[in-house]
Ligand code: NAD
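Only one chain is given next, in C-alpha coordinates, and it is the form predicted on its own.
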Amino acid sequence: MAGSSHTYEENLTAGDTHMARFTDEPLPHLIAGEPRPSVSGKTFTNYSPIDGAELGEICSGDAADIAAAAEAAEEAFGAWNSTPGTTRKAILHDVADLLEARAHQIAVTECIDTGQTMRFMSAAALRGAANFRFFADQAPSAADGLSLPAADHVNYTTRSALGPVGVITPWNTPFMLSTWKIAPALAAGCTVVHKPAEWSPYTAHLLAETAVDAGLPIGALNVVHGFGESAGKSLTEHPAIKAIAFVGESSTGSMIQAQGAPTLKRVHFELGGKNPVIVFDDADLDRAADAVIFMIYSLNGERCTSSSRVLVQESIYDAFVEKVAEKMKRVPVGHPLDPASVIGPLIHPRHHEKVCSYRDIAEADGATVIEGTGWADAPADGQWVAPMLFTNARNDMRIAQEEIFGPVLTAIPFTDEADAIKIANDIEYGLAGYVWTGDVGRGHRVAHAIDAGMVWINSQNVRHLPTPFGGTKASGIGRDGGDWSFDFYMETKNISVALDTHSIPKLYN
(Lines give C-alpha, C1' and ligand atoms only; values in the text may rest on other atoms or scores of the structure.)
Protein backbone atom coordinates (compact mmCIF):
# COMPACT_ATOMS: atom_id res chain seq x y z
CA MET A 1 0.00 0.00 0.00
CA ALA A 2 1.40 3.39 -0.92
CA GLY A 3 2.21 5.87 1.79
CA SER A 4 1.10 9.47 2.12
CA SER A 5 1.79 11.85 -0.75
CA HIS A 6 2.67 14.43 1.92
CA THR A 7 6.08 14.72 3.54
CA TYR A 8 6.77 14.01 7.20
CA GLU A 9 7.11 17.74 7.89
CA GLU A 10 3.85 18.54 6.09
CA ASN A 11 2.05 15.87 8.11
CA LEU A 12 3.44 17.24 11.39
CA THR A 13 2.25 20.73 10.49
CA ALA A 14 -1.16 19.39 9.50
CA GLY A 15 -1.34 17.51 12.78
CA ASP A 16 -0.81 20.67 14.78
CA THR A 17 -3.50 22.42 12.72
CA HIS A 18 -6.07 19.61 12.63
CA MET A 19 -5.88 18.71 16.32
CA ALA A 20 -5.90 22.32 17.54
CA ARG A 21 -9.64 22.65 17.01
CA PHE A 22 -10.23 19.82 19.49
CA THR A 23 -7.98 21.04 22.31
CA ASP A 24 -9.57 24.39 23.24
CA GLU A 25 -12.73 22.85 24.65
CA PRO A 26 -14.01 19.31 25.25
CA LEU A 27 -14.89 17.30 22.16
CA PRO A 28 -18.71 17.30 22.22
CA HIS A 29 -21.31 14.72 21.37
CA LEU A 30 -23.18 15.33 18.12
CA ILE A 31 -26.91 14.91 18.70
CA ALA A 32 -29.63 16.04 16.30
CA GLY A 33 -26.99 17.80 14.24
CA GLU A 34 -25.73 19.90 17.14
CA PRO A 35 -22.58 19.69 19.25
CA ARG A 36 -23.62 19.10 22.86
CA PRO A 37 -21.81 18.71 26.17
CA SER A 38 -22.71 15.82 28.43
CA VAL A 39 -25.82 16.36 30.53
CA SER A 40 -23.70 15.52 33.59
CA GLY A 41 -20.92 17.86 32.52
CA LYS A 42 -18.40 15.02 32.84
CA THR A 43 -15.36 14.69 30.59
CA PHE A 44 -12.35 12.40 30.29
CA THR A 45 -8.85 13.03 28.96
CA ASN A 46 -7.54 11.59 25.73
CA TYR A 47 -3.79 11.02 25.46
CA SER A 48 -1.44 10.69 22.50
CA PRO A 49 0.09 7.24 22.07
CA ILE A 50 3.12 8.94 20.49
CA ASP A 51 4.43 10.74 23.57
CA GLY A 52 1.71 10.56 26.23
CA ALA A 53 0.75 14.22 25.78
CA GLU A 54 -2.82 15.29 26.41
CA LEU A 55 -4.77 15.61 23.18
CA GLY A 56 -7.82 17.08 24.84
CA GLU A 57 -10.90 16.52 26.95
CA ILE A 58 -13.76 14.38 25.64
CA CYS A 59 -17.38 14.70 26.77
CA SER A 60 -18.28 11.58 28.73
CA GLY A 61 -21.81 10.43 27.96
CA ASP A 62 -24.16 8.31 30.01
CA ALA A 63 -27.81 7.26 29.96
CA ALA A 64 -29.12 10.82 29.61
CA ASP A 65 -27.01 11.57 26.55
CA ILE A 66 -27.84 8.22 24.96
CA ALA A 67 -31.53 8.89 25.58
CA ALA A 68 -31.27 12.25 23.81
CA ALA A 69 -29.46 10.68 20.87
CA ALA A 70 -31.93 7.78 20.65
CA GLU A 71 -34.82 10.24 20.70
CA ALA A 72 -33.21 12.25 17.89
CA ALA A 73 -32.67 9.06 15.85
CA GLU A 74 -36.26 7.97 16.50
CA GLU A 75 -37.63 11.35 15.41
CA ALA A 76 -35.52 11.32 12.26
CA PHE A 77 -36.32 7.74 11.29
CA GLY A 78 -39.72 8.28 9.69
CA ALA A 79 -38.54 10.96 7.28
CA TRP A 80 -35.24 9.25 6.45
CA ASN A 81 -36.84 5.85 5.93
CA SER A 82 -39.48 7.33 3.65
CA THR A 83 -36.87 9.20 1.63
CA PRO A 84 -36.66 7.55 -1.80
CA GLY A 85 -33.71 5.25 -2.25
CA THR A 86 -32.46 7.34 -5.14
CA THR A 87 -32.34 10.39 -2.87
CA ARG A 88 -30.56 8.48 -0.10
CA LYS A 89 -28.09 7.32 -2.74
CA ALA A 90 -27.35 10.91 -3.82
CA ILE A 91 -26.89 12.13 -0.24
CA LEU A 92 -24.55 9.29 0.66
CA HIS A 93 -22.50 9.97 -2.46
CA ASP A 94 -22.23 13.58 -1.30
CA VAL A 95 -20.94 12.29 2.04
CA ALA A 96 -18.32 10.25 0.16
CA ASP A 97 -17.28 13.27 -1.89
CA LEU A 98 -16.72 15.35 1.23
CA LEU A 99 -14.84 12.55 2.98
CA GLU A 100 -12.46 12.39 0.04
CA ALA A 101 -11.99 16.18 0.18
CA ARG A 102 -11.07 15.88 3.87
CA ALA A 103 -8.95 12.76 3.43
CA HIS A 104 -5.69 14.23 4.69
CA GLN A 105 -7.30 15.77 7.77
CA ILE A 106 -8.94 12.45 8.61
CA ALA A 107 -5.69 10.53 8.06
CA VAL A 108 -3.58 12.82 10.21
CA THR A 109 -6.19 12.81 12.98
CA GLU A 110 -6.37 9.02 12.90
CA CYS A 111 -2.57 8.70 13.13
CA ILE A 112 -2.25 11.05 16.11
CA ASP A 113 -5.24 9.61 17.94
CA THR A 114 -4.51 5.89 17.43
CA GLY A 115 -0.80 5.54 16.64
CA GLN A 116 -1.55 3.89 13.29
CA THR A 117 0.89 4.98 10.61
CA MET A 118 0.28 7.28 7.66
CA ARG A 119 1.40 4.46 5.34
CA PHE A 120 -2.01 2.86 5.96
CA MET A 121 -4.16 5.71 7.29
CA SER A 122 -3.55 7.78 4.16
CA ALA A 123 -6.19 5.55 2.58
CA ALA A 124 -8.56 5.52 5.57
CA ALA A 125 -10.89 8.24 4.28
CA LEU A 126 -10.74 6.82 0.75
CA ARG A 127 -11.77 3.38 2.01
CA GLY A 128 -14.50 4.99 4.09
CA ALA A 129 -15.73 6.90 1.07
CA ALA A 130 -15.70 3.67 -0.95
CA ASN A 131 -17.89 2.06 1.69
CA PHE A 132 -20.39 4.91 1.44
CA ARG A 133 -20.42 4.73 -2.37
CA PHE A 134 -20.85 0.96 -2.46
CA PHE A 135 -23.84 0.91 -0.13
CA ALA A 136 -25.27 4.15 -1.56
CA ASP A 137 -25.52 2.48 -4.95
CA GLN A 138 -27.62 -0.29 -3.39
CA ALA A 139 -29.99 2.04 -1.54
CA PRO A 140 -32.56 2.24 -4.37
CA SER A 141 -32.93 -1.57 -4.42
CA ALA A 142 -32.41 -2.28 -0.71
CA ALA A 143 -36.12 -2.94 -0.11
CA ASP A 144 -36.46 -5.24 -3.13
CA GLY A 145 -37.23 -8.88 -2.48
CA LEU A 146 -37.95 -12.11 -4.28
CA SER A 147 -40.84 -13.53 -6.27
CA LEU A 148 -41.71 -17.00 -4.93
CA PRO A 149 -44.68 -18.36 -6.88
CA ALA A 150 -46.57 -21.48 -5.74
CA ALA A 151 -49.42 -23.46 -7.34
CA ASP A 152 -52.25 -21.40 -5.87
CA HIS A 153 -50.51 -18.26 -4.59
CA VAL A 154 -48.00 -15.67 -5.67
CA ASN A 155 -45.56 -14.95 -2.85
CA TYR A 156 -43.23 -12.01 -2.89
CA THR A 157 -40.92 -10.55 -0.30
CA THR A 158 -39.98 -7.02 0.58
CA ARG A 159 -37.70 -5.44 3.14
CA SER A 160 -38.00 -2.42 5.39
CA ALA A 161 -35.54 -0.67 7.68
CA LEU A 162 -35.54 -1.81 11.31
CA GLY A 163 -35.51 1.66 12.85
CA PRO A 164 -32.89 3.43 14.95
CA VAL A 165 -29.82 1.25 15.46
CA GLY A 166 -26.75 1.44 17.64
CA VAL A 167 -23.22 1.14 16.28
CA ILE A 168 -20.31 0.52 18.68
CA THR A 169 -16.89 0.62 17.05
CA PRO A 170 -13.32 -0.20 18.16
CA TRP A 171 -10.11 1.78 18.36
CA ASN A 172 -7.83 -0.08 15.94
CA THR A 173 -8.95 1.43 12.59
CA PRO A 174 -11.90 3.42 13.89
CA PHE A 175 -12.73 5.59 10.89
CA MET A 176 -12.88 2.83 8.29
CA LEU A 177 -14.73 0.43 10.58
CA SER A 178 -17.27 3.12 11.47
CA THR A 179 -18.11 3.68 7.81
CA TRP A 180 -18.31 -0.09 7.26
CA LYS A 181 -21.19 -0.22 9.77
CA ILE A 182 -22.82 3.18 9.41
CA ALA A 183 -22.98 3.41 5.60
CA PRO A 184 -25.20 0.31 5.07
CA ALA A 185 -27.42 1.29 8.01
CA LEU A 186 -28.09 4.69 6.47
CA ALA A 187 -28.49 3.23 2.97
CA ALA A 188 -31.10 0.81 4.33
CA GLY A 189 -33.09 3.71 5.78
CA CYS A 190 -32.10 3.27 9.43
CA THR A 191 -30.96 6.09 11.66
CA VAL A 192 -27.89 5.65 13.85
CA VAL A 193 -26.53 6.33 17.31
CA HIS A 194 -22.77 5.77 17.21
CA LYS A 195 -20.70 5.09 20.34
CA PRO A 196 -17.03 5.13 19.31
CA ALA A 197 -14.25 3.65 21.42
CA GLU A 198 -13.18 6.03 24.15
CA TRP A 199 -9.51 5.58 23.18
CA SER A 200 -10.08 6.93 19.64
CA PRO A 201 -12.91 9.50 19.62
CA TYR A 202 -11.82 12.14 17.13
CA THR A 203 -12.52 10.72 13.69
CA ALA A 204 -16.01 9.63 14.78
CA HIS A 205 -16.76 13.30 15.32
CA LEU A 206 -15.25 14.16 11.93
CA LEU A 207 -17.39 11.51 10.22
CA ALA A 208 -20.66 12.72 11.73
CA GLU A 209 -19.77 16.36 11.18
CA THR A 210 -18.91 15.63 7.54
CA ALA A 211 -22.17 13.74 7.02
CA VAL A 212 -24.19 16.69 8.34
CA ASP A 213 -22.20 19.12 6.17
CA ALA A 214 -22.92 16.90 3.15
CA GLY A 215 -26.68 17.10 3.71
CA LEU A 216 -27.54 14.07 5.81
CA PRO A 217 -30.79 14.95 7.62
CA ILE A 218 -30.57 16.12 11.22
CA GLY A 219 -30.73 13.21 13.64
CA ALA A 220 -29.95 10.51 11.07
CA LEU A 221 -26.44 10.07 12.54
CA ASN A 222 -25.69 10.91 16.17
CA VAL A 223 -22.48 10.39 18.16
CA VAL A 224 -22.20 9.92 21.91
CA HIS A 225 -18.74 9.55 23.43
CA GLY A 226 -18.08 7.69 26.63
CA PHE A 227 -17.20 4.43 28.28
CA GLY A 228 -18.67 0.99 27.67
CA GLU A 229 -20.06 0.63 31.18
CA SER A 230 -21.99 3.91 30.90
CA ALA A 231 -22.68 5.09 27.35
CA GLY A 232 -22.26 1.66 25.74
CA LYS A 233 -24.47 -0.15 28.24
CA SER A 234 -27.14 2.54 28.01
CA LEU A 235 -27.15 2.22 24.21
CA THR A 236 -27.54 -1.55 24.25
CA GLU A 237 -30.37 -1.33 26.78
CA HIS A 238 -32.35 1.57 25.27
CA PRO A 239 -35.75 0.35 24.01
CA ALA A 240 -35.81 2.66 20.98
CA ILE A 241 -32.66 1.06 19.59
CA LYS A 242 -33.69 -1.96 17.52
CA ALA A 243 -30.27 -3.49 16.82
CA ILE A 244 -26.63 -3.27 17.86
CA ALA A 245 -23.73 -3.63 15.46
CA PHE A 246 -20.54 -4.10 17.44
CA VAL A 247 -16.87 -4.58 16.56
CA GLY A 248 -14.51 -5.49 19.38
CA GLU A 249 -13.49 -8.12 21.89
CA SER A 250 -15.41 -11.37 22.22
CA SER A 251 -15.94 -10.89 25.96
CA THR A 252 -17.51 -7.48 25.35
CA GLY A 253 -19.78 -8.95 22.69
CA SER A 254 -21.04 -11.47 25.23
CA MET A 255 -21.92 -8.65 27.65
CA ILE A 256 -23.67 -6.66 24.92
CA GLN A 257 -25.76 -9.68 23.97
CA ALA A 258 -26.86 -10.07 27.60
CA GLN A 259 -27.63 -6.37 27.96
CA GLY A 260 -29.76 -6.34 24.81
CA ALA A 261 -31.68 -9.50 25.66
CA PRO A 262 -34.51 -7.89 27.67
CA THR A 263 -35.44 -5.71 24.68
CA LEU A 264 -34.82 -8.55 22.19
CA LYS A 265 -32.26 -6.58 20.26
CA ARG A 266 -30.90 -7.93 17.02
CA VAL A 267 -27.10 -8.13 17.24
CA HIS A 268 -24.28 -8.27 14.75
CA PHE A 269 -20.84 -8.98 16.18
CA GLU A 270 -17.41 -8.81 14.58
CA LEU A 271 -15.22 -10.09 17.40
CA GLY A 272 -11.75 -11.49 18.01
CA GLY A 273 -9.54 -13.75 15.97
CA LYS A 274 -6.41 -15.89 16.21
CA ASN A 275 -6.20 -16.61 12.54
CA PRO A 276 -4.02 -19.36 11.05
CA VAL A 277 -1.98 -18.98 7.89
CA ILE A 278 -0.98 -22.46 6.72
CA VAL A 279 2.17 -22.72 4.61
CA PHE A 280 2.75 -26.04 2.84
CA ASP A 281 6.14 -27.04 1.49
CA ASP A 282 5.01 -26.65 -2.13
CA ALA A 283 3.97 -23.02 -1.70
CA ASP A 284 5.62 -19.98 -3.26
CA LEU A 285 7.57 -19.28 -0.09
CA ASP A 286 8.66 -15.74 -0.96
CA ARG A 287 5.11 -14.62 -1.66
CA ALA A 288 3.87 -16.48 1.40
CA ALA A 289 6.47 -14.84 3.63
CA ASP A 290 5.61 -11.38 2.32
CA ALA A 291 1.90 -12.03 2.92
CA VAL A 292 2.58 -13.29 6.45
CA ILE A 293 4.66 -10.19 7.22
CA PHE A 294 2.00 -7.89 5.80
CA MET A 295 -0.91 -9.49 7.64
CA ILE A 296 0.68 -9.36 11.11
CA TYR A 297 2.91 -6.27 11.09
CA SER A 298 0.73 -3.84 9.17
CA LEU A 299 -1.75 -1.73 11.15
CA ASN A 300 0.41 -2.30 14.27
CA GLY A 301 -0.86 -5.89 14.33
CA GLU A 302 -4.15 -4.45 15.60
CA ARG A 303 -6.25 -6.18 12.97
CA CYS A 304 -8.97 -8.75 13.64
CA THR A 305 -8.04 -10.69 10.48
CA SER A 306 -4.29 -10.68 11.14
CA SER A 307 -2.45 -13.93 10.43
CA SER A 308 -1.22 -14.18 14.02
CA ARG A 309 -0.46 -17.93 13.86
CA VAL A 310 1.72 -19.16 11.02
CA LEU A 311 1.54 -22.94 10.68
CA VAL A 312 4.53 -24.16 8.67
CA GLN A 313 5.15 -27.67 7.35
CA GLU A 314 8.01 -29.32 9.25
CA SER A 315 10.17 -29.89 6.19
CA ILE A 316 10.47 -26.13 5.57
CA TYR A 317 9.88 -24.79 9.09
CA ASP A 318 13.42 -23.64 9.90
CA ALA A 319 14.07 -22.10 6.49
CA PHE A 320 10.71 -20.34 6.30
CA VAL A 321 10.91 -18.98 9.85
CA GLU A 322 14.41 -17.69 9.13
CA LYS A 323 13.06 -15.96 6.01
CA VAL A 324 10.22 -14.35 7.97
CA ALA A 325 12.57 -13.26 10.78
CA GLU A 326 14.93 -11.61 8.32
CA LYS A 327 12.09 -9.68 6.71
CA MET A 328 10.59 -8.73 10.10
CA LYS A 329 13.84 -7.15 11.23
CA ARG A 330 13.61 -4.76 8.27
CA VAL A 331 10.09 -3.57 9.11
CA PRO A 332 10.53 0.07 10.19
CA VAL A 333 9.12 1.42 13.46
CA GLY A 334 8.71 5.18 13.61
CA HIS A 335 6.55 8.25 14.04
CA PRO A 336 3.05 7.57 12.66
CA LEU A 337 3.14 10.75 10.55
CA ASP A 338 6.36 9.66 8.84
CA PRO A 339 5.37 8.06 5.49
CA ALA A 340 8.30 5.63 5.85
CA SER A 341 7.03 4.14 9.12
CA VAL A 342 5.16 0.82 9.15
CA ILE A 343 4.68 0.29 12.89
CA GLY A 344 3.77 3.17 15.17
CA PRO A 345 2.99 3.30 18.89
CA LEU A 346 0.26 1.13 20.36
CA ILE A 347 -2.85 3.05 21.25
CA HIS A 348 -2.93 2.96 25.07
CA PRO A 349 -0.69 2.07 28.04
CA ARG A 350 -3.02 -0.75 29.04
CA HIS A 351 -2.84 -2.31 25.58
CA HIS A 352 0.92 -1.73 25.40
CA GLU A 353 1.39 -3.56 28.69
CA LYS A 354 -0.75 -6.46 27.48
CA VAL A 355 1.14 -6.90 24.21
CA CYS A 356 4.56 -6.65 25.85
CA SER A 357 3.58 -9.16 28.54
CA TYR A 358 3.48 -11.93 25.94
CA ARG A 359 7.26 -11.70 25.55
CA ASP A 360 7.67 -13.08 29.06
CA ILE A 361 4.78 -15.53 28.58
CA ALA A 362 6.43 -16.92 25.45
CA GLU A 363 9.75 -17.43 27.19
CA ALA A 364 8.10 -19.01 30.23
CA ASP A 365 6.28 -21.50 27.97
CA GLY A 366 9.50 -22.47 26.21
CA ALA A 367 9.16 -20.58 22.93
CA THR A 368 11.99 -18.58 21.37
CA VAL A 369 11.52 -14.81 21.13
CA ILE A 370 12.96 -12.94 18.14
CA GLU A 371 12.57 -9.16 18.17
CA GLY A 372 12.72 -6.69 15.35
CA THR A 373 14.27 -3.25 15.40
CA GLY A 374 12.63 -0.53 17.47
CA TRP A 375 12.77 3.23 16.88
CA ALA A 376 15.86 4.68 18.49
CA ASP A 377 14.32 8.18 18.67
CA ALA A 378 10.97 7.09 20.10
CA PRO A 379 9.60 9.54 22.69
CA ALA A 380 10.04 8.16 26.19
CA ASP A 381 6.39 8.37 27.23
CA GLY A 382 4.93 6.80 24.06
CA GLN A 383 3.58 3.28 23.71
CA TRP A 384 6.34 1.95 21.48
CA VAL A 385 7.07 -1.69 20.72
CA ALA A 386 9.26 -3.55 18.24
CA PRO A 387 7.76 -6.36 16.15
CA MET A 388 8.14 -9.84 17.63
CA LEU A 389 8.25 -13.39 16.33
CA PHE A 390 7.75 -16.41 18.61
CA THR A 391 9.26 -19.64 17.24
CA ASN A 392 9.41 -23.26 18.45
CA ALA A 393 5.83 -22.81 19.62
CA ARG A 394 3.05 -25.31 20.22
CA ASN A 395 -0.62 -24.65 19.69
CA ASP A 396 -1.43 -25.26 23.36
CA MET A 397 0.70 -22.30 24.46
CA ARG A 398 -1.00 -19.07 25.50
CA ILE A 399 0.83 -17.26 22.69
CA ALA A 400 -1.00 -19.53 20.23
CA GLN A 401 -4.44 -19.45 21.87
CA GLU A 402 -4.93 -15.87 23.05
CA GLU A 403 -5.50 -12.83 20.85
CA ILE A 404 -2.49 -10.57 21.45
CA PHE A 405 -3.65 -7.90 18.97
CA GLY A 406 -0.22 -6.46 18.33
CA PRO A 407 2.74 -6.91 15.95
CA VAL A 408 3.45 -10.39 17.28
CA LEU A 409 3.58 -13.62 15.25
CA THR A 410 3.60 -17.18 16.59
CA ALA A 411 5.19 -19.86 14.35
CA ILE A 412 4.02 -23.48 14.81
CA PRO A 413 5.22 -26.54 12.87
CA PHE A 414 2.87 -29.20 11.44
CA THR A 415 3.42 -32.58 9.81
CA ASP A 416 0.79 -33.04 7.11
CA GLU A 417 -2.54 -31.76 5.81
CA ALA A 418 -4.60 -33.41 8.55
CA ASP A 419 -2.30 -32.06 11.26
CA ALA A 420 -2.47 -28.54 9.80
CA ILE A 421 -6.27 -28.60 9.83
CA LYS A 422 -6.34 -29.94 13.38
CA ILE A 423 -4.05 -27.18 14.65
CA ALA A 424 -5.87 -24.49 12.68
CA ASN A 425 -9.23 -25.43 14.21
CA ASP A 426 -7.96 -26.05 17.76
CA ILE A 427 -8.90 -22.54 18.86
CA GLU A 428 -11.98 -20.77 20.23
CA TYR A 429 -11.96 -18.27 17.37
CA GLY A 430 -13.01 -18.70 13.75
CA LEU A 431 -12.75 -15.44 11.86
CA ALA A 432 -10.29 -15.95 9.00
CA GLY A 433 -7.75 -18.38 7.60
CA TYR A 434 -5.06 -18.33 4.92
CA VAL A 435 -3.67 -21.26 2.92
CA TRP A 436 -0.48 -21.28 0.86
CA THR A 437 0.07 -24.24 -1.45
CA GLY A 438 0.88 -25.07 -5.07
CA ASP A 439 -1.72 -27.85 -5.05
CA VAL A 440 -5.08 -26.47 -6.19
CA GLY A 441 -7.05 -29.42 -4.85
CA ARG A 442 -5.39 -29.21 -1.45
CA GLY A 443 -6.05 -25.49 -1.30
CA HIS A 444 -9.77 -26.10 -1.72
CA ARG A 445 -9.82 -29.07 0.67
CA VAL A 446 -8.09 -27.19 3.45
CA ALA A 447 -10.16 -24.04 2.92
CA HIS A 448 -13.36 -26.07 3.30
CA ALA A 449 -12.01 -27.77 6.42
CA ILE A 450 -10.91 -24.63 8.26
CA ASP A 451 -13.61 -23.57 10.73
CA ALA A 452 -13.68 -19.88 9.86
CA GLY A 453 -15.97 -17.42 8.14
CA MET A 454 -13.41 -16.39 5.52
CA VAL A 455 -10.45 -18.14 3.90
CA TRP A 456 -7.95 -16.79 1.37
CA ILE A 457 -5.88 -19.18 -0.76
CA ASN A 458 -2.45 -17.93 -1.86
CA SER A 459 -3.32 -14.39 -0.83
CA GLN A 460 -3.32 -11.96 2.02
CA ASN A 461 -6.64 -10.43 3.10
CA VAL A 462 -7.96 -8.66 0.00
CA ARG A 463 -11.45 -7.34 0.60
CA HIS A 464 -14.12 -7.40 -2.10
CA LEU A 465 -17.06 -5.38 -0.82
CA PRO A 466 -19.86 -7.58 -2.24
CA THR A 467 -18.56 -10.67 -0.40
CA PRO A 468 -19.62 -11.68 3.13
CA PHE A 469 -17.36 -10.71 6.03
CA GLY A 470 -17.66 -12.36 9.44
CA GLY A 471 -16.67 -15.25 11.62
CA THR A 472 -17.71 -18.39 13.46
CA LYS A 473 -17.43 -19.53 17.08
CA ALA A 474 -16.16 -16.74 19.37
CA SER A 475 -15.35 -14.54 16.37
CA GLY A 476 -18.82 -13.24 15.81
CA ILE A 477 -22.42 -13.43 14.71
CA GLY A 478 -23.67 -12.44 11.26
CA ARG A 479 -22.06 -11.17 8.09
CA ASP A 480 -21.24 -7.75 6.64
CA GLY A 481 -20.79 -6.87 3.01
CA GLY A 482 -23.01 -6.84 -0.03
CA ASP A 483 -26.62 -7.77 0.59
CA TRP A 484 -25.69 -9.45 3.90
CA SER A 485 -25.47 -6.01 5.52
CA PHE A 486 -29.03 -5.19 4.48
CA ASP A 487 -30.24 -8.49 5.87
CA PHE A 488 -29.13 -7.23 9.28
CA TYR A 489 -30.42 -3.65 9.10
CA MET A 490 -33.74 -4.56 7.46
CA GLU A 491 -36.76 -6.74 8.25
CA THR A 492 -38.01 -9.13 5.58
CA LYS A 493 -41.74 -9.52 4.99
CA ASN A 494 -43.49 -12.14 2.85
CA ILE A 495 -46.77 -11.23 1.12
CA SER A 496 -48.92 -14.04 -0.27
CA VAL A 497 -51.66 -13.33 -2.84
CA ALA A 498 -54.15 -16.08 -3.67
CA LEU A 499 -55.00 -16.92 -7.27
CA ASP A 500 -58.48 -17.98 -6.06
CA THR A 501 -57.85 -21.55 -7.18
CA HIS A 502 -57.25 -23.21 -3.81
CA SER A 503 -59.94 -24.63 -1.56
CA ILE A 504 -60.69 -23.06 1.79
CA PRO A 505 -61.53 -25.54 4.56
CA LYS A 506 -65.01 -25.28 6.10
CA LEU A 507 -65.28 -26.05 9.78
CA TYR A 508 -69.06 -26.47 9.90
CA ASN A 509 -71.64 -28.91 8.64
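When you see a residue number, it is the position in the sequence shown, counting from 1. Not measured: the values here are computed from a predicted model.
The protein also exists as the form predicted in complex with nicotinamide-adenine-dinucleotide (NAD); that form is not presented, and the subsequent description refers to it.
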Subject >> Listed residue (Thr252, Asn425, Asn155, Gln401) with a non-hydrogen atom within 4.5 angstroms of nicotinamide-adenine-dinucleotide (NAD) in the model of the complex >> reply: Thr252
Subject >> The unique member of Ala72, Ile168, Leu216, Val267 whose heavy atoms fall within 4.5 Å of nicotinamide-adenine-dinucleotide (NAD) in the model of the complex >> reply: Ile168
Original post:
At the 4.5 Å heavy atom threshold, is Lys327 in contact with nicotinamide-adenine-dinucleotide (NAD) in the model of the complex?
Top reply: no
Subject >> nicotinamide-adenine-dinucleotide (NAD) contact at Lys233 in the model of the complex, heavy atom, 4.5 Å >> reply: yes
**OP:** Find out whether any non-hydrogen atom of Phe294 is located within 4.5 angstroms of nicotinamide-adenine-dinucleotide (NAD) in the model of the complex, and reply yes or no.
**Re:** no
Original post:
Would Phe132 sit within 4.5 Å of nicotinamide-adenine-dinucleotide (NAD) in the model of the complex, counting heavy atoms only?
Top reply: no
**OP:** Would you mind picking out the stretch of 84-92, 329-337, 189-197, 105-113 that comes within 4.5 angstroms of nicotinamide-adenine-dinucleotide (NAD) in the model of the complex, counting non-hydrogen atoms?
**Re:** 189-197
Original post:
Looking at nicotinamide-adenine-dinucleotide (NAD) in the model of the complex, is some heavy atom of each of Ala136, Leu465 and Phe486 within 4.5 Å of it?
Top reply: no
**OP:** Taking only heavy atoms into account, state which residues of 267-301 are within 4.5 Å of nicotinamide-adenine-dinucleotide (NAD) in the model of the complex, ordered by sequence.
**Re:** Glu270, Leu271, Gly272, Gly273
